[in-house]
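Only one chain is included here, represented as C-alpha cells and corresponding to the form predicted on its own.
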C-alpha cells in the first residue's frame, strides 16, 4: 500500500460519492508511482546479451572493458544500484554512490559503496561521497567503463564546491534561491558553475573512459543538462547565465566573495567554461533516460481508464507558482462539470510537472500541499477531487507527499475554525492538511519523477 494513511483519507470524505472518488484517486496515484519503480526501470532498460551490454539503442562490447566503475547520486540510487549490481555482478570493479541520508543502511550491495547525504540543502557527507567518486574517476583509462546512476535530488546529494567556494556558500545559495522561487533550471545554472562535477564535469573527470549514464528524470521535459545538474551531459548554461539568475533574485550583491570572484572570473574567461555540445569528451558518453514523469502519468491514465473514467493526460510540463496552478486545476474541474469539456464526467484529468513556491511566510509546507490548498478555495460544493503528489514522497520539509481536497474541504475547514487565506499567506499548508487529516503520507518512495496532479469529476 503506497499511502500509509489511506483509511483516514477515505474516512474523512463527507459523502459516499466523495469516499469513492478519494479511493479511486489514491488507487490511480499509487499506479503512477509503481510505474517508475527505479529497480524495475533499470531492469527493463539494461540487459546483457552475449558479450554486449544493451540499453535503448546502445550496445557496449563488455570484452572491451578491463574495469567497470559505478558512481552517481540521487534519491533513487539504492534500487538503481541494486539492479545494476544484479545485472553486472562481479564485472563491477568498484563503486561509490551518494543516496538520501538513511537509505545507505540495510542494502545487500557488495560492490557499490553507499554514502548517505543530505537534501535539499547539501552537507559534508555528500562532499565526502563525491570525493570518493572523484578518486575512482581520476584513475580511469580508455579501456574502462563508468556507469553513472542519476536520479532526482542528485544536484544536492552530489555537491563538491569548486575552487575556494565553500560548502556553506553553496548551502546558503541553495536555501535562498529555493525560498525565492527559483526554478530548477535557474538553481542548477548557478550550482553547475560552482561545482567540480556538475555541468558535464563528471564526464570530463572520467575521460578517456566510456561513460553510460542511466537517468531517472525529475525535471520537466527531461533536459539532460538539468537533471541532477547534468554531470555527464553537455551544459547549455554559462557563467553569464548563473550571474543573471543571482541578479534576477536580487542576490548578486549578497553572495559571498568567493562566489562572486569565481563567477566573475568565469565571465571574463579566466576560468574554463563547463563543457558544451561538440566537446570531444562526449564522444564516448551515452545518456539514457530509464524513467520519467511521462512514464508515471501514462500509468495513471491507464488506471483511470480501467476504473471507468473518461480520461485525458493534459500535460507533463506544468510549471509555475503552486497556488496559481491550483486555481487553474480547479478551473479545469469546473469546465468539465459545466460544459463536459475536455471530457464528460465521470472524468479524470492527469497532469505532471513541478511547481514552485515563493516563500513569504514562516509556515511549513510544500508545493503540492500549497497547490491543493489553493485549489480547495474554488472547489466548494462540487463532487470533485484534486490531488497533488510528489512522487518521491517528500513535499517540502514535511512528512507529507502532497494533499487531497474536494468540494467539502472549505466547509470542513470553517467548521474547525481554519481560515484558508491565513494558511496560504503564511505558506503553512502542512499545518492545514495535518489538522484536516488530508495530507498524503507515503514515506520516501525510493523514486523521483516530479509531481503528479489528478482531477476527478463526477455528475
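Residue numbers count along the first chain shown, from 1. Quick caveat, the model's predicted, so the values are computed rather than measured.
Below, we turn to the form predicted together with a further copy of the same chain, even though it does not appear here.
- Contact between residue 325 and a further copy of the same chain in the predicted bound form is found at the 4.5 Å heavy atom cutoff.
- At a distance threshold of 4.5 angstroms between non-hydrogen atoms, residue 312 is in contact with a further copy of the same chain in the predicted bound form.
- a further copy of the same chain in the predicted bound form comes within 4.5 Å of a heavy atom belonging to residue 320.
- Although the partner is absent here, residue 380 sits far enough away that none of its heavy atoms falls within 4.5 Å of a further copy of the same chain in the predicted bound form.
- A heavy atom within 4.5 Å of a further copy of the same chain in the predicted bound form is found for one listed residue only; from 196, 301, 134, 224, this is 301.
- None of 339, 268, 283, 141 but one reaches within 4.5 angstroms of a further copy of the same chain in the predicted bound form through a heavy atom, and that residue is 339.
- Residues of just one listed stretch (101 to 109, 215 to 223, 151 to 159, 69 to 77) have heavy atoms within 4.5 Å of a further copy of the same chain in the predicted bound form: 215 to 223.
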